[in-house]
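Presented as structure tokens, the chain that follows is alone, the form predicted alone.
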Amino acid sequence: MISETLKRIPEYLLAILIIITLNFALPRMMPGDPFLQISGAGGEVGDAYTAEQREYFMAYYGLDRPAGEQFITYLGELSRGDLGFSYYYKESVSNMILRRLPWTLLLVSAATAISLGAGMALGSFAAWRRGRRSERLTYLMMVVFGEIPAFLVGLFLLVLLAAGLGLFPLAGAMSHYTQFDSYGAQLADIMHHAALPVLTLSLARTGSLFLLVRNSLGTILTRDYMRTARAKGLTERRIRWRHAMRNALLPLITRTAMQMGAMVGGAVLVENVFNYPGLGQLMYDAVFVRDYPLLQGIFLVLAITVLAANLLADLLYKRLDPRIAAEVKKQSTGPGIKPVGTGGRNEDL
């Protein structure tokens, strides 16, 4: 299994090279330049740079050189682990990302766990009650929430629960100018601020996971090996959770990994709705002022996070499905050699 994963490393390295190239090219395709935006000539409020000052800064940061030369310099800096220096904030990009990354990871990881758990629970509930009124009502609710954009869900929750009822803070990640009695109190305050952004992301992503589990379980429950399990006298609880749900987890893991990009993209919008200090809000600010190094660093970190999630899903998929591991082992032993312990056994049971 490990050797099979190692064979895919060149594919991931090629993906990272493509991502790095796009990270370099896309910010430079936007109209204007960083110092045009910062100086206010691009319509934004900032320091009033003269034309000579703009030319000086363009030359100082190497933006007046050919694009190919700039790209080679960018690759050289990346090879040393240097993400560059922010034009606008006058600070190391690595330090800025390290400060903001934990907040985004908190939202994405919590929302992924909640949407995954809710999708499994509601999807299995609907699959086992196919055709009943409760199943149709659950299906309708999940489809509706799944089709509403995350930022609209966030605005609705913000107006209703935060501004209207005052149950949650309107913005931020924690209370400022507050002396907490303990780490537990500080953690509770952080979770209180993160509740609405996490709920927004969870509601936006639960619908697709619900449909996947519902349809997968609905198909699995009609398979021959499920009837064989019942004929053997296994309890319905064991059949559902040990055999049916385990097979339904395989496409669910793949879908969850594939949705990481959408989850991160949703976090960018949600953080701006709730003024949450994560990478999403920092990315918006960087686009606003055309801060190339900051944009490049944020895009690279988010892209690598998504690639890592896909790699983890690939490993878990092989771990959960013994048929894949047996096939890999069979191929590694060569033709004519039969792996021990895999012949004549129904792997689904």
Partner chain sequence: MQEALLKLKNYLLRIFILAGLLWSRLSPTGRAALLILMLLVLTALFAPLLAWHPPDVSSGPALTPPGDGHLMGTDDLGVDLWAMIVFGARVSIIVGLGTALLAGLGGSIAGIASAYKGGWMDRVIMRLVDIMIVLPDLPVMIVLAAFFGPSLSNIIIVLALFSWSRPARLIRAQTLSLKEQPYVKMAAHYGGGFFYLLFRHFLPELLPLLLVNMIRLAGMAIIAEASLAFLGLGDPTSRSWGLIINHAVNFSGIYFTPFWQWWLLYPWLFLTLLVTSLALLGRDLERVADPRLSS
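Note that the structure is predicted; figures quoted are calculated from it, not measured. Rigid core here is just the name for the largest C-alpha set that superposes within 1.5 Å across the two forms. Numbering follows the first chain given and starts at 1.
Just so you know, the form predicted together with its partner chain exists too; it's not on screen, but the next bit is about it.
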Exercise for the section: Could you tell me which of 152-160, 173-181, 196-204, 95-103 sits within 4.5 Å of its partner chain in the predicted complex, going by non-hydrogen atoms? Expected result: 152-160
Exercise for the section: Indicate whether its partner chain has at least one heavy atom within 4.5 Å of a heavy atom of residue 143 in the predicted complex. Expected result: yes
Handout entry: 4.5 Å heavy atom contact, residue 67 to its partner chain in the predicted complex
Key = no
Exercise for the section: Report yes if any heavy atom of residue 127 sits within 4.5 Å of a heavy atom of its partner chain in the predicted complex; otherwise report no. Expected result: no
Problem - Interface membership of residue 138, its partner chain in the predicted complex, 4.5 Å heavy atom rule - result: no
Handout entry: Site test, 11, 211 and 265 vs its partner chain in the predicted complex, non-hydrogen atom cutoff 4.5 Å
Key = yes
Handout entry: Sole residue of 234, 114, 269, 226 within 4.5 Å of its partner chain in the predicted complex, by heavy atom
Key = 269
Problem - Of 169, 84, 277, 261, the one that lies within 4.5 Å of its partner chain in the predicted complex (heavy atoms) - result: 261
Practice task
Taking only heavy atoms into account, state which residues of 273-306 are within 4.5 Å of its partner chain in the predicted complex, ordered by sequence.
Solution key: 273, 283, 284, 287, 290, 292, 295, 296, 299, 302, 303, 306
Problem - Residue shift check between this form and the one not shown, rigid core fit, residue 74 Cα at least 2 Å - result: yes
